[in-house]
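There is one chain below, alone, in structure tokens, taken in the form predicted on its own.
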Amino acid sequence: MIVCVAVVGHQNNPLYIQSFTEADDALKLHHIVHCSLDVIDERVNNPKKSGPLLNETFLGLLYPTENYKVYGYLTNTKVKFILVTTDLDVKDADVRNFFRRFHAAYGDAVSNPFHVPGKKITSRTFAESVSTIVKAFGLSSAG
């Protein structure tokens, strides 16, 4: 089950964070998202040590915690997508598919002529798209 998704700008400024749990966990999830930025920076700046090729946007599992797994994705414009899930046995193919759909929704949101680049995403349509993608992820990983 997905508990949090985030879009973080190229200057590590939060553009969109949505948690799908109780309000008590929201602060903890924001902290997890913030900590994952260090892991992303390390992977991007030291590609030989830890992984993906320079043209690979899917960063894979960033790090597991006791209750969560954190996955990352980096766009060509250095915008970071972060996914926090409670499922400890998620398939990489499901996560890649999630990020592909999430990236498409993000592209639609920032293509809006009223959106100011680098500012928080406040589009209700984007939030609804994210909720739909999250629900579909839950169904595909359960089946």
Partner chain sequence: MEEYPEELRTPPVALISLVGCSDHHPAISGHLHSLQPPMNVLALPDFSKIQAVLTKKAKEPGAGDPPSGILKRDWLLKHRTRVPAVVAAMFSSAHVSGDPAQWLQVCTELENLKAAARPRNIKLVVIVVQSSSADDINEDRMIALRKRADVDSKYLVIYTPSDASELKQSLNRLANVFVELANTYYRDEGRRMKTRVEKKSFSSIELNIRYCFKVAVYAEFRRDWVEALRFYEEAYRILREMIGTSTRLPPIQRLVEIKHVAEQLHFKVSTLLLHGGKIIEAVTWFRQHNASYKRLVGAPEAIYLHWEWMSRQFLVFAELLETSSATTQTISSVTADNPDRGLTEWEFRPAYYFQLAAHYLKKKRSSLDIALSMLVNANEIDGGAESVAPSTFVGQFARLLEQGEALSFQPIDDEEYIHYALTEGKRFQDSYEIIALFNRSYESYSNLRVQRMGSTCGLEIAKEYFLVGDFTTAKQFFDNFAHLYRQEGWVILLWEALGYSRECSKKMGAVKNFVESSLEMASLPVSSDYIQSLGFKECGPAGPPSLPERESIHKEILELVSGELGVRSLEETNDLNVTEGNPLHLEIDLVSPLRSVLLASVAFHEQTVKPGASTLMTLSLLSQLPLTTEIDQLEVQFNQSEYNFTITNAERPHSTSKITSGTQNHRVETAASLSLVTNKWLRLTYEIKSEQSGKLECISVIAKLGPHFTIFCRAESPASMDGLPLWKFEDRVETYPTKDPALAITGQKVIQVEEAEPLVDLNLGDSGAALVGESFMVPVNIAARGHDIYSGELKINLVDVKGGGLFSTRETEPSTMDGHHVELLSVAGAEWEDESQKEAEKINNIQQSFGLVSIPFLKIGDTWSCKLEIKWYRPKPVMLYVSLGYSPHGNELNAQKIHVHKSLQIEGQNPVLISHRFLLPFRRDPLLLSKMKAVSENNQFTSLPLNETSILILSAKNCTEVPLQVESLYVEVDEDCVATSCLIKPGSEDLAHSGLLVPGEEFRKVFMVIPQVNSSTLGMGTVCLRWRRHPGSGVQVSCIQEDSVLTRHKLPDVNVELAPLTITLECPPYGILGDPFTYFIKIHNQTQLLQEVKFSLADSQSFVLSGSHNGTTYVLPKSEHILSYKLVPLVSGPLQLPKVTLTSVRYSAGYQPSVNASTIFVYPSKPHLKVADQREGRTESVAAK
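The model shown is predicted, which means the values in this text are computed figures rather than measured ones. Positions refer to the first chain, counted from 1.
Same protein, other form: the form predicted in complex with its partner chain, not shown, and the subject of what follows.
Proximity of residue 88 to its partner chain in the predicted complex: non-hydrogen atoms within 4.5 Å are present. Among residues of the shown chain, residue 84 is not one whose heavy atoms approach its partner chain to within 4.5 Å in the predicted complex.
Contact check for residue 94: every heavy atom lies farther than 4.5 Å from its partner chain in the predicted complex. Residue contact with its partner chain in the predicted complex: residue 8 places a heavy atom within 4.5 Å of it. Contacts of stretch 90 to 126 with its partner chain in the predicted complex, defined by any heavy atom lying within 4.5 Å, are made by 118, 119, 120, 122, listed in sequence order.
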